[in-house]
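Given next, in structure tokens, is a single chain: the form predicted alone.
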């Protein structure tokens, strides 16, 4: 079946939006610039997406594609998650675009929250860990902090660290977040 012209136009708009949001951030990216990048009239962008915010939400659509970790022993889950996230960050720049934009824009922040809340916490519930939402937040803080330093800020030596070394450093930290007993706080 032949691809419709409208599907090609939407794909061109989304590709241009991802590039522009990634390069300029949400605030500085304009519908006019995105349309120019896609070689279409700005009215077409508005016709398909309605607003800059809706375009950003569509462009930032991201599936972290968590595999079924049901067969992974809990003590190996940290390493498996570290490797998975590293592969996802390396394979697709749309999450990097979202992270770069989330540094300065509340719409992007909310999109990032919803991705991790909707996709990571349920995986941890399947693993039957206690406090899956708290643990998912801790895992996200580590993964997003690492990604910010490696892909956005380019901190040496993090930016050039070999993947196996990254997994060796991050895996135990993620495992601790997933397997350690919740802290008991002394109430004074």
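Since we're looking at a predicted model, the values are computed, not measured. Positions refer to the first chain, counted from 1. In this text, the rigid core denotes the largest set of C-alpha atoms whose superposition between the two forms falls within 1.5 Å.
One more form of this protein exists, namely the form predicted together with a further copy of the same chain; it is left out here, but the text below deals with it.
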key: Residue contact check: residue 47 to a further copy of the same chain in the predicted bound form, 4.5 Å heavy atom   = no
message = Test of understanding: in the predicted bound form, would residue 126 fall inside 4.5 Å of a further copy of the same chain by heavy atoms?
response = no
key: residue 56, heavy atom within 4.5 angstroms of a further copy of the same chain in the predicted bound form   = no
query = residue 17: heavy atom within 4.5 Å of a further copy of the same chain in the predicted bound form?
reply = no
task = Could you spot which one of 91, 103, 74, 118 gets a heavy atom to within 4.5 Å of a further copy of the same chain in the predicted bound form?
result = 103
ask   = Pick from 40, 140, 64, 31: which has a non-hydrogen atom within 4.5 Å of a further copy of the same chain in the predicted bound form?
value = 140
query = Judged by heavy atom distances of 4.5 Å or less, which residues of 152 to 178 approach a further copy of the same chain in the predicted bound form?
reply = 152, 153, 154, 155, 156, 157, 158, 161, 164, 165, 168, 169, 170, 172, 173, 176, 177
ask   = With both forms fit on the core, has residue 99 moved 2 Å or more by CA between the shown form and the other one?
value = no
ask   = Can a Cα shift of no less than 2 Å be assigned to residue 30 between the shown form and the other one, given superposition on the rigid core?
value = yes
message = Superposed on the rigid core, does the Cα of residue 53 end up 2 angstroms or more away between the shown form and the other one?
response = yes
